[in-house]
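Let's start with one chain on its own, the form predicted alone, as structure tokens.
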């Protein structure tokens, strides 16, 4: 099946799931537990948008401590992360600030898109509104592990964050320099996630070895959106 054909099939499934989630009110349980959340319809995409808890901006851990604590973790406890933890990590990657986002972007063009996969399915992060939208109810983690060359971190991590880039957004202004600028930017965003994980007391490992096309299909990324980083994340085993 082609990537476009697979996308149509997944979108159809996602729409069906959207109705079920809204009717049953279980979207928050699918993402995690221990935090209040709001489920509401999204009129444009007809996919439920799940509001994330407001990000904390007054943590007690210093930047120096976070740098010292950061380290690659490849063995995880299977316990799911809470909705608050996932929201904080997604905000660190591409959240909104008073001016711009949490990671610098050449020309303020923001070519990055952030996704998360866990037992409840695949979600796409929307920095405007600090919310996630359901992409699929399928748990893709086993297939994702295969696409990531069976690296052991993917076999135990309760969640995987995917950071993708849309080079065209940056190329409109910077032409041939766009690829370099997008790669620089994804490094900024990934480091934010890793430092935030350290502050939260969870483990993570940045990964660049994976089959690009397969990962793009699993996350149902639109054409022109290319996966750049995968970050398995969870409590250290």
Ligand SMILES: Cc1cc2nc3c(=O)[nH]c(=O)nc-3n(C[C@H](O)[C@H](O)[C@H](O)COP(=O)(O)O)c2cc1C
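Remember, predicted model here, so these are calculated numbers, not experimental data. Positions refer to the first chain, counted from 1.
Omitted here: the form predicted in complex with this ligand. The next part is about that form.
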This ligand in the model of the complex: within 4.5 Å of a heavy atom of each of 97, 104 and 184?
no
Just to confirm, residue 219 within 4.5 Å of this ligand in the model of the complex by heavy atoms?
no
Verify the contact flag for residue 169: yes if a non-hydrogen atom of it lies within 4.5 Å of a non-hydrogen atom of this ligand in the model of the complex, no if not.
no
Exercise: residue 207 in contact with this ligand in the model of the complex, heavy atom 4.5 Å
yes
Please check if residue 138 has a heavy atom lying within 4.5 Å of any heavy atom of this ligand in the model of the complex.
no
Can you pick the one in 108, 129, 78, 71 that has a heavy atom within 4.5 Å of this ligand in the model of the complex?
71
Name the stretch: of 63 to 71, 49 to 57, 172 to 180, 195 to 203, exactly one has residues whose heavy atoms fall within 4.5 Å of this ligand in the model of the complex.
63 to 71
Residues of stretch 122 to 161 in contact with this ligand in the model of the complex (4.5 Å, non-hydrogen atom)
151
